[in-house]
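In the form predicted alone, a lone chain appears below as structure tokens.
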Amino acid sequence: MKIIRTSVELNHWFNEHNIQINKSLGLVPTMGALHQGHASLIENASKECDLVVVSILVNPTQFNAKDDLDAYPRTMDADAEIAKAAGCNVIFAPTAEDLYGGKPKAEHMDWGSITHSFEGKCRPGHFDGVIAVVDKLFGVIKPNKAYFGAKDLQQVAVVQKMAQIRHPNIEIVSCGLIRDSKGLALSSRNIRLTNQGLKRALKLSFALSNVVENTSAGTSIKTAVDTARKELQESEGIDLEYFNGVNCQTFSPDDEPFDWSHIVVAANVDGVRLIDNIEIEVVG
């Protein structure tokens, strides 16, 4: 496995080995602090593509708070081991200035509810940064396929929209959400949780599972969501931002329950912001 740290070096390496001519190329964009969820993306990419590039960049333009940016874990040595074991061929780890070609900045984008509801509302400008960095990565790497985790459900929708507009030849592959043995959605932020925080964080996935179980037992989806939301709002140590049904294509807060495809949740636990979701089937 090769580690490349500049866009120029990456381009030279591609040209030297005729990569973008002779090989199908898969990209797994990450901000590092890799875990089994990322490994699963890399494994999927390695099964479908001749060559897998994993990008590692803590992207400043998608953070709303400098403290959050500074606190984001950076674990390059461990990341390299995980990426290699999962089937990565090249790690592309540029500086933000290298990738952006100067001071990192993101253009404001308004694609309706996809960019401005839920995560977009709670984190103004976040998706501007996501669009900017993925657009840059696509332009430099020119992959055939790019792999994203379904835990960041709204991000997948945003990236799919961006690819349709700017990179129609790149296939966006959404891969299943990965949980630990207790049911907690894997996240690079989990390592910042205390033992008590980990226990509290499990309530998020439990609430999602309860909605599915209760609707299967005959409870209306709206009632099940409202009940689970109230329980989380009353849970000590959980600062709930949202718990709601969404359609994963529109992310409109005005969609009716029969149009929902997922339940999504965001909350601060131990001062760490976590998101999760679960797919549902609504009948009638």
Ligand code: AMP
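For clarity, every value in this text was computed on a predicted model and none was experimentally measured. Don't overthink the numbering: it's just position in the shown sequence, from 1.
The next section is about a form of this same protein that is not shown, the form predicted together with the named molecule.
Trainee: Report the residue, out of A93, I172, A80, I178, that has at least one non-hydrogen atom within 4.5 angstroms of the named molecule in the model of the complex.
Mentor: Contact check passes for I178.
Trainee: Exactly one residue in A106, L186, L202, V212 has a non-hydrogen atom within 4.5 Å of the named molecule in the model of the complex; which is it?
Mentor: Flagged contact: L186.
Trainee: To test your reading of this chain, name the stretch in 213-221, 32-40, 45-53, 229-237 whose heavy atoms come within 4.5 Å of the named molecule in the model of the complex.
Mentor: Residues of 32-40 come within 4.5 Å of the partner.
Trainee: Is the named molecule in the model of the complex near all of D68, F118 and G120, within 4.5 Å of a heavy atom of each?
Mentor: The answer is no; none of D68, F118 and G120 reaches the named molecule.
Trainee: At the 4.5 Å heavy atom threshold, is F127 in contact with the named molecule in the model of the complex?
Mentor: Close contact is absent here: in the model of the complex, F127 is far from the named molecule, nothing within 4.5 Å, heavy atoms only.
Trainee: So in the model of the complex, does any heavy atom of G149 sit within 4.5 Å of the named molecule?
Mentor: So G149 counts as contacting the named molecule.
Trainee: With a cut-off of 4.5 Å between heavy atoms, is Y72 one of the residues that contacts the named molecule in the model of the complex?
Mentor: Close contact exists here: in the model of the complex, Y72 approaches the named molecule to within 4.5 Å, heavy atoms only.
Trainee: Is the gap between S113 and the named molecule in the model of the complex 4.5 Å or less for some heavy atom pair?
Mentor: Contact with the named molecule, no.
Trainee: Check each residue of 153-171 against the named molecule in the model of the complex and list those with a heavy atom within 4.5 Å, in sequence order.
Mentor: Sequence-ordered list has one entry, Q155.
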